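In the form predicted on its own, a lone chain appears below as structure tokens.
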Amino acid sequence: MRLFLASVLIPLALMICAAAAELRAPAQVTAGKSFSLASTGNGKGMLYLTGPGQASKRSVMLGDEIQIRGDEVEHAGRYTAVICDSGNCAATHFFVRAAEPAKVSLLVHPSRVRVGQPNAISGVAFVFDKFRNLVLSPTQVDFKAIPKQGAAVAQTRPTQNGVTWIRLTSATKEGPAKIGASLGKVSELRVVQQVASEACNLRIKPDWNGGKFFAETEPVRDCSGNAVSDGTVVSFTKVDASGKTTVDVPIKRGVARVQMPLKGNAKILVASGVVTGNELSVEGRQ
């Protein structure tokens, strides 16, 4: 009886082992690079390959090296390869990593900032390969800030998981600043508009024109001498016999100007935001 069972089971086990194909993938695969899968078995089989943005099947010869083209593994991530023969299937998994860094993408915030603001500008760079895969291995990115006036500022930062960043203080002079990130021969450039800060040393003067009284500021500048942007609101406050009146006026062509009817002697005050200016005493005219 034992001899009979042995004579039946041993050949059957050998047939099963012979029929069950195996598949092995390399330990490391690079996006866009061709490679081969090692297979065992005999005869024809069907290969199924799935991964990020990829699904294909084709007939292969078991026992041979199965070639995988570079265009089948352009997307980084986890892939699964399966071979089937006569109802028996074998599978292997492998990961495709990004290729060499080939592109840098730069985000800069904000697009408009006041001068002299510490750490007000943020620059974030992302590193990709030529297939738009995020390169997770550490990569050196060169940042450069070029103000309208003054010397450029350069910093080199390594990426962490494909991203790196810097913080910059805005310049003391208004005007566009170019923020760039480069990686070898490739680079991206963004422009940040730096504008004047809050008004500083506000001063007003009287102007009688045709018997009418106007209060007018001198050219409005910040503490660094930059012209405050047109549209910035300046508040004029008049105190006379009729009471207290406040008028908000936008700066136009660098100055703010308002007509203020007077009743007797008056005091005129000026302010922009939290900044106040000189007090003007005016004698009313008949």
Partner chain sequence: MMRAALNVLVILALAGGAYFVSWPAVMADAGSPEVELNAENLGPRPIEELTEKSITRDYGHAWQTMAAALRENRSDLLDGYFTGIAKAILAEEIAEQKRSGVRVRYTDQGHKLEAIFYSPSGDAMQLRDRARLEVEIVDGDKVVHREDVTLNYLVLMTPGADRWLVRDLQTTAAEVRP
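Residue numbers count along the first chain shown, from 1. Being a predicted model, the structure only gives us computed values, none of them experimental.
Unshown form predicted together with its partner chain; subsequent notes refer to it.
Residue 140 falls outside the set of residues with a heavy atom inside 4.5 Å of its partner chain in the predicted bound form.
Interface residue remark: residue 76 is counted as part of the site for its partner chain in the predicted bound form, having a heavy atom within 4.5 Å. In the predicted bound form, no heavy atom of residue 70 sits within 4.5 Å of its partner chain. Contact annotation: residue 237 falls outside 4.5 Å of its partner chain in the predicted bound form, judged by heavy atom distances. Scanning 41, 51, 45, 32 against its partner chain in the predicted bound form with a 4.5 Å heavy atom cut-off leaves one residue, 51.
With the partner omitted here, the residue from 93, 212, 205, 112 that has a non-hydrogen atom within 4.5 angstroms of its partner chain in the predicted bound form is 93. Contact annotation for the candidate site: 146, 152 and 247 all lie away from its partner chain in the predicted bound form (no heavy atom within 4.5 Å). The stretch in contact with its partner chain in the predicted bound form, judged by heavy atoms within 4.5 Å, is 103 to 111, chosen from 103 to 111, 174 to 182, 189 to 197, 212 to 220. Taking its partner chain as positioned in the predicted bound form, the residues of 80 to 98 that bring a heavy atom within 4.5 Å of it are, in sequence order, 80, 82, 84, 89, 91, 93, 95.
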